[in-house]
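Heads up, the chain below is alone and in the form predicted on its own; it's given as structure tokens.
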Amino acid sequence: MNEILDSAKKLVNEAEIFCIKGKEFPVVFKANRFYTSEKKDFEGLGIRVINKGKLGFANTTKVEACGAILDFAKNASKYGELAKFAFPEKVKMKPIKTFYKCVKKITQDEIKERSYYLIKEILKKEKGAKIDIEFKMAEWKIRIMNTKGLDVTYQKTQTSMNLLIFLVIDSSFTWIYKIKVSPKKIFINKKDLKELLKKVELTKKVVTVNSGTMSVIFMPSVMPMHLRSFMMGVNGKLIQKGSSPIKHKKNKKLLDKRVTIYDNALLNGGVRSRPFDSEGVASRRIPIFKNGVLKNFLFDLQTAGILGKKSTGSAVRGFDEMPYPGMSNIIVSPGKWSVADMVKDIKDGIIVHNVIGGGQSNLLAGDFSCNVSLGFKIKDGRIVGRVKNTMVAGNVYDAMNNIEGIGKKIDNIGSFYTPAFYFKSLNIVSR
């Protein structure tokens, strides 16, 4: 690739190479039986150039042929966007562990053994259940080079396990699932299984819930639905386009003072931790909301340059696309409530574990209207049964100013690290 950069110096003003190479190993069970496993190798390379002040880009999956796409990138720059930045030079980065050797030691036999155990234990309790499991382990290496002398690399590992229990209860389909993701070795364990089977037992009693306003507990598994609205609101690209509803509200209090949210690419053991972003800019911990006050937006080099700002090290990309502002690990500070205390405190309400789809009617504006796929009615401090045909609606900015309590235990749901939230009142629609 050094040869490509040497050639680039003769053809264009500046150039950058983004290269990713890795492998995945999924092991899949469907309807209680082993289905497939297949190792997949992948690699790709993108070349971005600045020539005569304009951006050009091309990509390939054949790294050995990357010299040819340099010409494509140069030609594309004739019609490209004006570049409002220069590629970064060497930068000082904080070390962060993203590669774990224990992942490489996981065997297919171990995955099968653990999966068969989970299936067997679930079928002991629920003979008619259909269980799907997907375990995936992956590792990859990312390298970024440019004509300014930048040459940085890091390696990353990741494991994930997704278990879905499919049941027919009260003549209706019900599914209960658990997903775990980590850069380390991770499996759904006996504690997770116990919680899943407890949910299965609770689903068997179906109760009615009246439409109206009532208290609602959103478990961590549901909170990314709300947090994605905030991440869209602070996305530098949407700030640049003027479409973010909070573009003029920096340093203003928008949420309850108990709400603090960080984007932290340097989180130890984080799913999206990285020493640098997809342009080679050093990663850092960025406060988004601090005590309810909006503190920062997220920028890559181009959007920052257009707005006269500095990159926050928030560029994300695949090898086949140009960088754009995105999030890393989203961390929500915990509160003081246990979920058990939240339930005890509610006279009439529901607790929501899962919703169907993203649950948003207007994600950017923060409006949501979500169908509850797994939720339970709370009456006089007790969970009394599962709710059906129920929706929860509202606006995330309003809801986050209508908080009764925040959970003290943080769960990671993919790259979101969040506690449960107890809202005083939200709109419930049931039929």
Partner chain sequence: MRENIKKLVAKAKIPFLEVHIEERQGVEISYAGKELDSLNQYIDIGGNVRAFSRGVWSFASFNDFNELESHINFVSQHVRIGRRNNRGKLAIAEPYVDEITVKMDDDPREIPIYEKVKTVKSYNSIILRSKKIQSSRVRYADTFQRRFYINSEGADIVEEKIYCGISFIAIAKDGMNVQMMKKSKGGTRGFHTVCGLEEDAEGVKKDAIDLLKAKKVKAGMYTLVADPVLTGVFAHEAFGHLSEADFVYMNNKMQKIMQLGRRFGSKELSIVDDGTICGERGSYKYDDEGVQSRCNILINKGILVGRLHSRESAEKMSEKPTGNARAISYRYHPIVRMTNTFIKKGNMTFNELIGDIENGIYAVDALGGQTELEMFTFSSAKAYIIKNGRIGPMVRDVVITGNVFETLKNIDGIGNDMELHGGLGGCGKDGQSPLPTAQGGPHIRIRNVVIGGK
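Positions refer to the first chain, counted from 1. Given the structure is predicted, the values throughout are model-derived calculations rather than measurements.
What follows is about the form predicted together with its partner chain, which we do not show.
Although the partner is absent from this view, F57 contacts its partner chain in the model of the complex, with a non-hydrogen atom inside 4.5 angstroms.
Using a 4.5 angstroms limit between non-hydrogen atoms, D380 is distant from its partner chain in the model of the complex. The closest heavy atom approach of P220 to its partner chain in the model of the complex falls outside 4.5 Å. The shortest heavy atom separation between V429 and its partner chain in the model of the complex is within 4.5 Å. Judged by heavy atoms within 4.5 Å of its partner chain in the model of the complex, the contact stretch among the candidates 245-253, 188-196, 269-277, 286-294 is 245-253. Only one of the listed residues (F99, F85, Y117, W175) places a non-hydrogen atom within 4.5 angstroms of its partner chain in the model of the complex, and that residue is W175.
Taking a 4.5 Å heavy atom cutoff to its partner chain in the model of the complex, the contact residue among L227, I106, I346, M322 is M322. Candidate site formed by K90, K310 and W337: none of these residues places a non-hydrogen atom within 4.5 angstroms of its partner chain in the model of the complex. Contact annotation for 377-394: residues with any non-hydrogen atom within 4.5 angstroms of its partner chain in the model of the complex are K388, N389, M391, A393, listed in sequence order.
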